Every structure is written in C-alpha cells, then in structure tokens.
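There is one chain below, alone, in structure tokens, taken in the form predicted alone.
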Amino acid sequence: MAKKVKFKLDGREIEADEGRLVIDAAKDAGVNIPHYCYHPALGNPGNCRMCVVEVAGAPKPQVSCRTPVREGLDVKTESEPIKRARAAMLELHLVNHPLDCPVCDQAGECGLQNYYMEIGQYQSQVRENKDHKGKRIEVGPHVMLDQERCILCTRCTRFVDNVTKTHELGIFRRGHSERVELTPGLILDNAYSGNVVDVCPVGALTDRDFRYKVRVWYLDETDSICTGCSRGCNISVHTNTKRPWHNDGKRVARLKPRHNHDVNGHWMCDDGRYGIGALDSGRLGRVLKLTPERRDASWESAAEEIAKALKAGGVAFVASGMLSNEDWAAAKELFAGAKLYFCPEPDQIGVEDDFLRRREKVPNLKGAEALGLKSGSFDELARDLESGKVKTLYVVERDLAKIWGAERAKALIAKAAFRVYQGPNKNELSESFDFRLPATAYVEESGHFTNFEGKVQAYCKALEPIGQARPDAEIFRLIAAAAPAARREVAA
C-alpha cells in the first residue's frame, strides 16, 4: 500500500499517495489541470506542455503529468505566470490549426475549443499563412484523419503501439513538417481502431460512421453495458431525440466506452461499438396474431391464449443470451417444467482475443446459469420437434434459420401446434409463428447483466420503447398473470 503524504495545492493541504502524479492527485481533489498528451492509460510523454504548474523552489514551470507528489510539495495551478504559460502553449497549438469548427465533428467536445474559451481568448500574434497538410484521409474502415487539425499529442500512436501493438500509425518527418501518417503498407483496421477517435483531444481523428450525422450538443448520454459479447464493457449510449431527422433518423447515434478499471479499462472493441444497426432497423412494434389470418391483438388477449397453450404442456423455450437477469428470473417462473434452450450456437459465437473480445457474442448467458437454468442442445430440440413432443414452441430473440438453415427451420417450426416469437427485431422466420410479440431493445429498458467473470452490472434506460414493445420480463409476468384465467377456461 502506497505511503500517504501531504502537499499543498493552490494553498490547500491535500493528502495523496506518494509518487502519484500531480495531475492525477489534483483531479482527485477536484482540480482539473488542462492537458492534451497525458492519458492515464497511455502514459505521460509531457510533449504538449499544457499541464504546467508552479512548484515552489523550481526555477521554471513544471509539467504536472511528470511531477510526482512528495511530502511538502507546494503546487499552484492558477498563478498568473502559469496562466500566461498555458496561453502561450495554446497559441502554439493553434498556429497551424484550421478555423473549421463549424464543419468539424469534434465541435462541442474539443479540447482546443474548451481551453481557448477558458484560458485563451487572445488576439493571435501570428501573421504568416498556416501550414497546410492532408485532409479527409481514410486511414481505415472506421477512421478519418485530418492532419491539419492534429496537435501531435501522440495519443493515437501510443494506443496502437502500446495497447493493440499493431503499429498502424506513426509520427513521420521532422520539425514543423511532422505529422501523423499511416505506417507504410498498413491500414488502421485492428479490432479496436475506434478508440483512437475517443482519445484524440481535437478533430484530427473522426469516426466515419458518425461523421456529419448529428451535432454532439443534441445528444443525451446514458450509462449502459455493451451487449456485443460476454465481457460486458461499460459504455455510454449517445441518443439523438432532440433532432431525430439528423443522423439518418436513427435514435442511437453512437456508443462510447465508459471507464471501468476491472472490466474494460478505457476501451471497447469495434464489434461492440459499431454493432448498433439493429437497434433501429427491422423493429417490431405491434402485437400480432398471424394465424389463421394476420391481425392486431391486444396484450391481454395474446397473454390469455399463450397462457392456455403453456398450461397444456409440451413446451420448448428457446431464448437468447440478450435476456437480462430480471428477464431470466421471470422466465424461470413462467417456464417451470419446460425444456430450455439457450446455449450459444453459430450465430452467437465469434472471435476471441487476449484483450477484451470474448467468444460468446451475447452479454448474459451467465445470468441464466446463476439461476440454475440448464440448456439443452438444438439437435435435441430438432428431434423433439420432429417427433411431435413439442406442443408449444416459444422463441425469444433467436433466429432459428441461423441454426438449422431457413428451409429446415421453417419445417421444424411448423411441427409445433402453437408457436410464439418474441423479440425487438424481425428475422427471416418471424412470420412463421402464431403470435409475434414486440419486446424492447436493451437501450429501452433497465436491468442487469452478469458477465463471463460473474460480475453483475447495471444498465439504464436510454430511450422510450417503440410502439407496443415491452421488456421481456414484463411480458413473461403478464402471461403468468393470465394463467389463472387460462386454467379456468381449460377446466370448463
């Protein structure tokens, strides 16, 4: 355990771990020191010089990202000499920076903009023409580079050198001609490439998927959990409800990683970041009875008819690892005695690496296992359907065509006397059921997921449901509540 020492910060006596960087100790004490190059997960090269502070006894300003805390240290972060030093450094960063804030995606969350308003607001002393560099360079499938906006903080190059170790970016040339460029023969296409956009403090690296879609000040942020795999990376869901005609009409504009030291650190993979297309496409919003003819139904009438079928027995419940802990608990009660099938199959298995990505591409298989639920195999389910043992087939957010192929899956589904599909999205076979029930997507509800390590993590509601959609747990409870009426009908 680190030794605690006391030092002065702007006249206040502060206690911190000995050796902790002044910039971090100050942040812990509620003092944010301006900086560009420093990042807690990428090191402290000290090359931007924005984080300078006045240290008693030192002959000149010291960079706080390389100054450790020690007993009796006396630090001033807002003295007049320090304000002048930061303003001078900011002007150097802006010497060749283009004045294109109105068309820059970083506008509204840009370190240059923020610090200029806080410590700049000066008349530029520079009269020479700006040095022009490359613009709109597609460095990878997800990332666009604008070299003119770059301030050479080296965050991006340190990320690909030290975190992914793929080395696609580097600082090339010398002196005032230095610039970030692709390493010859490489493109930025590693599994975590989107993180370089997150760490860029200016608009040099922007997200091609988000580019020119919506201004950041129209976005709301909600704490959530990534559903891309069983890691359960902590994320922020950025939603666009103030200007829905922007962002191509999509309500979820982007996903960003949210720091959690024990789960994902500061990062998330591209699979999770860019796998948001289904949140707004092919959504189900109406309760439909599809046989003998297609018509709208009420939740109450659907629940009563489904409860009657479940009461008759011979139930097979096919579920997805997308269900929350609350969903699994409600399902366990409703489908007691039924055969359960939720093991990951080809559509839920993917690439795993030694960093964040996990093989299971769903967030919550562990939640089912923690409740003592056990899954049968889909080969077993196919045999039971063929033999007629399955009277009622209840499928939640699974596309059986991805397991058996479209033709075989359609034929097997038809073997069941009564069929229910429940989920947020249409799929190839969602019309092959007697009832189709609209469920909420995870961004439209609150709940908990249990990741592969057994960590239970909460996610919050970011959007209102589409149409008549309800959370899965609520649907299960509604059907369970309709069971007494169904029993009376069966008895009669």
Partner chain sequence: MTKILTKHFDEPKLHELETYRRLDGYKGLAKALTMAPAEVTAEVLKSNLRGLGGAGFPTGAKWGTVPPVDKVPGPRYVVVNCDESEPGCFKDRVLVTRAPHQLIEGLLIAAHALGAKETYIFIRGEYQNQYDVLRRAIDEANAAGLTKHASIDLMRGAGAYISGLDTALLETMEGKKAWPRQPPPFPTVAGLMGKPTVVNNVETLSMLPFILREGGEAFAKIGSPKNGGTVVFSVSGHVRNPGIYEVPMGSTLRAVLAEAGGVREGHKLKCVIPGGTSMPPLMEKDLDLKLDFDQIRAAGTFLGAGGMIVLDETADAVDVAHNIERFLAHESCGQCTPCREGAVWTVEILERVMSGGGVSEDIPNLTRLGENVTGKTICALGDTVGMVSRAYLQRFPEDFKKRIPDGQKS
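Residue numbers count along the first chain shown, from 1. Here the structure is a predicted model, which means the values were calculated and not measured.
Heads up, the form predicted together with its partner chain isn't pictured, but that's what we're talking about next.
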- prompt: Any idea which of 353-361, 316-324, 387-395, 88-96 reaches within 4.5 Å of its partner chain in the predicted complex, heavy atoms considered?
  reply: 88-96
field: Candidate spot Gly275, Ser281 and Ser377, all three touching its partner chain in the predicted complex (heavy atom, 4.5 Å)
entry: no
Close approach of Thr154 to its partner chain in the predicted complex, 4.5 Å, heavy atom: yes
- request: Using a 4.5 Å heavy atom cut-off, state whether Pro45 contacts its partner chain in the predicted complex.
  value: yes
Asp189, heavy atom within 4.5 angstroms of its partner chain in the predicted complex: no
query: Does Lys461 make contact with its partner chain in the predicted complex, using a 4.5 Å heavy atom cut-off?
result: no
statement: As a check of understanding, the residue in Pro34, Pro424, Pro61, Pro465 with any heavy atom within 4.5 Å of its partner chain in the predicted complex should be identified as Pro61
query: Can you pick the one in Arg66, Arg70, Lys27, Lys455 that has a heavy atom within 4.5 Å of its partner chain in the predicted complex?
result: Arg66
message: Heavy atom within 4.5 Å of its partner chain in the predicted complex: which residues of 162-201 meet that condition, in order?
response: Ile171, Phe172, Arg173, Arg174, Gly175, His176, Glu178
